[in-house]
Structure formats: structure tokens, C-alpha cells
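Just the one chain here, the form predicted on its own, laid out as C-alpha cells.
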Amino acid sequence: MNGAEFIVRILIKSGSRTVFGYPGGTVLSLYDSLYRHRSEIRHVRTSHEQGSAHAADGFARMSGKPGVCIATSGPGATNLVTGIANAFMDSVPVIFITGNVEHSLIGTDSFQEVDIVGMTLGITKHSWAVRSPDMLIDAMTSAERICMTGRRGPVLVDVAKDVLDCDSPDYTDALEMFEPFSQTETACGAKTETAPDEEEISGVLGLIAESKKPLVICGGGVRQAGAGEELIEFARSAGAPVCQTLMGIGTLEPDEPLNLGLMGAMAGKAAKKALNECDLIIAVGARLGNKVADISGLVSGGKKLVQIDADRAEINKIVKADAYIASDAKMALRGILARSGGIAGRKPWLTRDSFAENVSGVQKHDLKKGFVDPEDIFAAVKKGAGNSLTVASDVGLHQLYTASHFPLGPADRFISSGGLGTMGFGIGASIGAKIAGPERTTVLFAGDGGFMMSMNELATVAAEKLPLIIIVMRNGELGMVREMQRKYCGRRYSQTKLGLKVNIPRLCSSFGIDGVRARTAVEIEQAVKDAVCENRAVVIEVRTVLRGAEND
């Protein structure tokens, strides 16, 4: 058995049934093994390695299991870097496998030789520069465990071509002894997450008891831990309203009275009031970066801060917390609830009920004929697509509109690039999400800028016969950057007017995918209904206007 065969068999034994990638010279033996095992493991070839990375990312977010992505050496490996960074920033478990030149040639500037391990050290949980069978065995038998333990994230296994090609008797023994991570951990009863410390819980409960206006910030760590029920039980017990970060959207039911919606640039009146008037911020599973809110300014203004995060390194990273729990969100919230007698039954100091007319923070626009208001777009898609959706979004102003306007709850899944803000993420991620959840209607919202970055992946959608519904919200601008130019550059709009003359429906038809130009909400709803009913892909182009929340 050679190294390539060992990798494929380990993946199959781990439960991987789908991998994404693009073939090349140093991974020929790996693709030969994938061919031999094609009845056991599906390979999806995208149009570009970055598309493969985003597809593996979307697959992992949807399935809750590690995605797998394969690329060759040199440009194949470097084309993965943005996808690796995106997975790292959003705590997504992906196993990236790259080929490299023969180990005797490493360091000689050989054809298509790059130090991909060195390039990605800061954006992976762990990396292996595999130069021997023993190293390959260590990497492949521990990759999934490292991906999935604690704060999740990507790993990289870079394998020299001669290690992939050459046989070793050690592979057979290692394969026989190997047990998949999930089975091993369950059988042994091993704890894969850090249990909450009792003193830490006491400190948090003390601050909540002292506060009169607590506010919960729900981040992606809550959804990832499956802690939505615990979070709302805790919020009700403490009388605390809840704001959600972009990655936390969909954790709570949209009509939950304590759910104040998205925070940040497009926060509605209720969320803004909560952030301004609260005296205690309880951040659960949320990285307190600058895009979440100006937490530093709020805390320095006299508000206290509690952090609950599975990654100890995130605690006190941006601003010092007054109390914290370094633990998985579900375990931490359960620990608090078990001892919450002193705070239970408090009346909420703020709910969304009095702000029903403006929860989203954006207003309707006066539009030209043939243009559709964003809110009407989302309502039409929701009517046509139904319930229990996978909703993906590319990056831009439309991303914030989607998070603000589209009603998403625990039965839905929201997939978008948060920490890195990667334009072009959407189509690849929705491909992976649809493959991971084929029974769910999958809708992607994209701006025209992001769509043009990744439209080559329509070839993958067509080749794999994936019934994706893609809504291109065409405003002719790089909207988010243009908003910044309006606010900070004296309306000097440099290179943010797209001026595209591309006929998107005709472009899509060249890929063998139906393209529709919708001029009304009724046309959008009908096009979505038809695609769902006929189980086929469609790209719906709709002209709209997207503006920031503070359009002065």
C-alpha cells in the first residue's frame, strides 16, 4: 500500500464520503487511488482550487463534520490560502491535503515547489510537512481529532510526492489499528471539550445578579455547539435580550421576543438601544472583533463584560473581561443554568415588541421601474422556497441585508464568510452545503461583484447537477466599499462603480443553467417556486438598491 492509498482508506474509514479538489502532477497517485475507490468516496472537481476550499468549508458547516480538500503543489496549494484563512477565521473544520515535490528536491526551488506549510502556519490549527511514511501516519490518524477538538478549525497535510507514491508495510498496520475519532472518543468516554470551572461560573452569576440591564451577544460558537435551547433558556431566566453576530444569525426563532436581531452596522433600533443602555454584556461564543461592535468603547464607558468561549486565547484578547468561562457554549450555559436560582425569573428589561416596525435598521427605497426593494426580494424568496432552508450569502452589503431581513431560525442554516469577509465565497460554499444537505432547498444571495469573482463555479453546479437557487442582487456597485468611500472619503468614488454590461441570464445559459431576469417580487417568487418544484438550478438576476443603515 502506498501513501496515497493509505490517505484515501483513512478518509473512508473516518466516514468521509465526499472530497473536493483539483488534480495535478504531484497528486497523481492520490487521484489514482480516488478512482479505484470511486464507489466509496465521491470526488467533486471544482473550476478552481479556491472554489474547492470554499466548497469543503460549506460542506463542513452544513454537515458538522470535517470537509476535505485536495490540491497539487505550487499554484494548486497557494490557491487554497484564502480558503484556509476563511475556515480558520470562522472556526470551520477542514482537512486540506496538498502534494509537494519529492522530499529530496525540497529547498532547491524545484518546479512548482512552495513552502505551503510555512505560508499557512498562522491560519491552521496544525500543519504537517510530511516527508516519510511515519509522518504521514501521524498526520492522517490525528487530523480529524485536531480539527474537531476544542475550537474547531482547519489543518494542513502537505505530502512529498515520493511519500504518496511509495509503498510501506507500516500503512497496513496503521490502518488496521486506526479508529475514527468520533467512535474512539465515544467509546472511551473522553471529554473533547473543557468543562466549565465552578469558580468561573460563580463569578459570572455574581455579575448577572448585580446587573439591572444584562444583554447577551450570541455568536457562532453557540450554533456550532448546538446550544440554542440553552441560550434562550438562560436569556429568559436572566431577563436578558439577545443580539446576534453575523455568525450567530439563525440560532433563535425570528419571532422570539428577546431576539433583537443582528448587531453591528445594520443593527435596528432595538439592538442599538440594548447596546447603549445595558450595564452588562454577556458574549457567548462570539469573537469580539471590530466588526461585532465597539465593545472596547462600551466597556470603557462603564459596562461590564462576561466572555464565554471554548478558545481560552479569545478571552481578554480585545478587551479585558470582568468574568469569563473558558468552555464550550453548551457546557458553560448548562453549568450556569444548574446554579441559576439566584437570577431565575427576572422580567426582561427590553424586548423587540415595541420596535416591530424597524428591527432591521434599513429602510425601503424609492426605486425605478424594474428595480425591487431588498426587503421585497427576501419576502418573495421565502414564499417561493418554503421552510427549513440552507441560506448562503456572499460578502458585501447584501450579506448584511440578508442577515437583517431574511427570517432565519434554528431549523434553517445560514452560511457566510464572517471573520475574513471573502468575496467570491458564496457559490463554492453553497455547492458544498448542498452536497452535505441534498434534501434541503439551498438559496444563495450574491452581489454582482462577488458573483463575477466566482461565476466559473457555475460549471461545477452544472456538472454535478446541483439544484441551487442563486439570487444575484445587482446594484452595479461594490456596495460596501462604496459606502465607506461615501462616509470617509468625501464621496470620492474610486473604482467602485462596476459598469458591467454582462447579460447574466445569457451567461448562465451558456453553462447549461436557467437564468432569469426578474423585475418584480412576483416574478422572483414564481422563478423560485418553479426551480424548487422541478428540482433544478436557477440564477435569478434582480436589480436593486443597497445602502448602509445610516444613509445621510
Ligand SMILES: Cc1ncc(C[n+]2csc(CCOP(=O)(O)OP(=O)(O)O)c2C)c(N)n1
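Because the structure is a prediction, the values reported are computed rather than measured. All residue numbers are counted from 1 along the displayed sequence.
FYI, the form predicted in complex with the named molecule isn't displayed, but the following is about it.
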Practice problem: Using the partner position in the predicted bound form, report whether Gly447 sits within 4.5 Å of the named molecule, counting heavy atoms only. | Solution: yes
Quiz item: Closest heavy atom of Leu397 to the named molecule in the predicted bound form, within 4.5 Å or not?
Solution: yes
Quiz item: Is Gly479 close enough to touch the named molecule in the predicted bound form, meaning at least one heavy atom pair within 4.5 Å?
Solution: yes
Quiz item: Asn475: heavy atom within 4.5 Å of the named molecule in the predicted bound form?
Solution: yes
Exercise. Work out which of the listed stretches, 37-45, 56-64, 523-531, 479-487, brings a heavy atom within 4.5 angstroms of the named molecule in the predicted bound form.
Key: 479-487
Self-check item: Heavy atom within 4.5 Å of the named molecule in the predicted bound form - residue from Met331, Leu280, Val117, Met453
Solution: Met453
Quiz item: Of Gly421, Gly203, Pro257, Pro180, which one comes within 4.5 Å of the named molecule in the predicted bound form, counting heavy atoms only?
Solution: Gly421
